[in-house]
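As structure tokens, one chain now follows by itself in the form predicted alone.
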């Protein structure tokens, strides 16, 4: 793992995280590990209801050193900032490393969709992207993580034994030859190394 962390610190520019059921606890555990002025941007799709509001983003911003916010359409992606897809919108990465929001049809019954984020981010960042699948139900994210792997990015999945809901990480592990399967606290430790 230490060799991977050194590689991540020098090569990677962006981390995409996909999470569903159990995400509040998982994100609350790992995101406070991010440094205040990190060198990577973090993009998150958390499956939520369309009327969920901004409680998650406000909660995480209150407990994290790095700024956490809902993504806005057409805003540039800045290092050291955590962007969460707003409920009811797909969050996509554009070629100029900016974000766009979409109300296209749900994918795997989900909008925002993990696959939509991972596939668009991978096409832009390619080998400089890290894709992480955390706890949850369903299969959204497996195809996106496969795209990350095919484009040379680093792939990490939460150890299903440490997940509140293990179906999402198990689906990703079945679909992709992932680089690392890590317990939740090890993923937090990984994020803590992404600052310099």
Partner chain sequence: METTTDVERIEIQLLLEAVYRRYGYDFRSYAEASITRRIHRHRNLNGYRSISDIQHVILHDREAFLRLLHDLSISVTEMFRDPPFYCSLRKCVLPKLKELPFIRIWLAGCATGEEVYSVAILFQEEGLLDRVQIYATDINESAIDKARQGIYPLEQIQEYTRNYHKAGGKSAFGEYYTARYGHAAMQAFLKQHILFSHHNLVTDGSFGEMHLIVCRNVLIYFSKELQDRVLHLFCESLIEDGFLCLGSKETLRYSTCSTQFQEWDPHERIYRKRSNAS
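These numbers come from a predicted model, not from an experiment. Positions refer to the first chain, counted from 1.
Although it is not shown, the form predicted together with its partner chain is what the next lines describe.
Of the stretches 162 to 170, 38 to 46, 128 to 136, 145 to 153, only 145 to 153 has residues with a heavy atom within 4.5 Å of its partner chain in the predicted complex.
Within this chain, residue 86 lines the site of its partner chain in the predicted complex, having a heavy atom no more than 4.5 Å away. In the predicted complex, at least one heavy atom of residue 70 sits within 4.5 Å of its partner chain.
Its partner chain is not drawn, but in the predicted complex it has a heavy atom within 4.5 Å of residue 101. Residue 76 belongs to the set of residues with a heavy atom inside 4.5 Å of its partner chain in the predicted complex. Residues from 116 to 139 that approach its partner chain in the predicted complex with a non-hydrogen atom closer than or equal to 4.5 Å are 116, 119, 120, 123, 126, in the order they occur in the chain.
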